[in-house]
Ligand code: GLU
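Shown below, as structure tokens, is a lone chain in the form predicted on its own; questions about how it binds or moves come after it.
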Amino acid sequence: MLRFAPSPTGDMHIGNLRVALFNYILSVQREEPLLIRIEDTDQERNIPGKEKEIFEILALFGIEYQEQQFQSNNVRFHRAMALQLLQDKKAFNCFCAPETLEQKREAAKESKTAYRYDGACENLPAEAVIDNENPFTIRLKKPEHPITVIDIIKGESTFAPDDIDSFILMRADKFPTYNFACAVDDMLADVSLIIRGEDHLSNTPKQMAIHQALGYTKKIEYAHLPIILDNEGKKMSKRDDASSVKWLLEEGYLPEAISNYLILMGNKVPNEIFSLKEAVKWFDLKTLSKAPTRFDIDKLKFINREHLKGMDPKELSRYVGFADEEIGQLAKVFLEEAGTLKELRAKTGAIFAPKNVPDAFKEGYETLRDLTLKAPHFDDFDAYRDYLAKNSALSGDNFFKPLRILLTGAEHGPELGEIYTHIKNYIKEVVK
């Protein structure tokens, strides 16, 4: 079993989507089921409807899964296992007030030392182990030996007991912390490989310590993906528009192109342009770079343009708001200067929209418009152009500028002959 475990606390970002794609690919390659686990136990941060959005995005990107689960449905197991750890004396109740802990953290900061729990409640008398009167958390006892994480991408990392510390398993509200819920759920689901971002690398030894304390001995493989940087070389923030999958889709980037780019980033691939299905055949976690990778929106636009070029014209026509193969071919004419569906919609939409004509060209525009409305049908652009030139007495820029605006709604663009080929059957509608 592999798992993708997003939280419904905001828009899905490209780092999450990258994790989902890699989990899907590996689940297909290894012929193991994929579980989608919505980690919704942080009730204060959950945003209603975000879990539905997650599943819609997964479907849009062709990420198939065999099981889905809400972490909150497993809380009874989290509580039962926390109690088991207490009874086995591998965990203990902590009655330290949040204010007291905060003071100790501040003291550590002032002394420029790393804060570690000082074991204040670890050896309380037996009667304090179960206390329903005062609020308490449950902490795991610090492991006695270092824990080594063997990572497919990062290699080997060893964490000392002090690095892992006596961390909290259950909060005072009787809900599990991220690490405890995650470790228990992975154990219950019999997960064999965990693929996630490298920001979780420090969580992994804690989750391994939980497994050890619970007597779970199955070996789980790990792969922590390098972080994604912005154009300035800083960690990409959720505040960056381009980090949001929803924003990229709204801007007109195709799911196929976004997938292509996220798999390509920091990777050795046989071809630069490929589909998700093709990637399944050759993808290998071991070829991923260990170094952070930079997100380049211009590179994504190039890849998007290549996917648009290869799209069936009728399908492309629907994407830009029509249902005609000819309009799909028209959209492809603009791909030298447009790289997203949003840009293509603007280009094709301007052809059929009322035209904004500069004063200098209004007279010529009206003349050519009236002639076109009265003209016979011309299959050939040269014949259409010659007819207008002959009957308008216009020449040079006074002819070609108004003509371009008439046919495209813009003063610059692709060859008019190319455009005319695809709009000739709609010419009266274009100039009306």
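Please read these numbers as outputs of a predicted model, since none were measured by experiment. Residues carry their position along the shown sequence, with the first being 1.
Just so you know, the form predicted together with the ligand exists too; it's not on screen, but the next bit is about it.
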Original post:
So in the predicted complex, does any heavy atom of Trp282 sit within 4.5 Å of the ligand?
Top reply: no
Original post:
Is Glu39 a contact residue for the ligand in the predicted complex, using a 4.5 Å heavy atom cut-off?
Top reply: yes
Original post:
So in the predicted complex, does any heavy atom of Arg116 sit within 4.5 Å of the ligand?
Top reply: no
**OP:** Considering only heavy atoms, tell me if Leu140 and the ligand come within 4.5 Å of each other in the predicted complex.
**Re:** no
**OP:** Assess the spot marked by Pro6, Cys182 and Arg196: is the ligand within 4.5 Å of a heavy atom from every one of these residues in the predicted complex?
**Re:** yes
**OP:** Heavy atoms, 4.5 Å, the ligand in the predicted complex: which of 322-330, 174-182, 228-236, 143-151 makes the cut? Say which one.
**Re:** 174-182
Subject >> in the predicted complex, the residue from Arg318, His200, Lys299, Lys246 that sits within 4.5 Å of the ligand by heavy atoms >> reply: His200
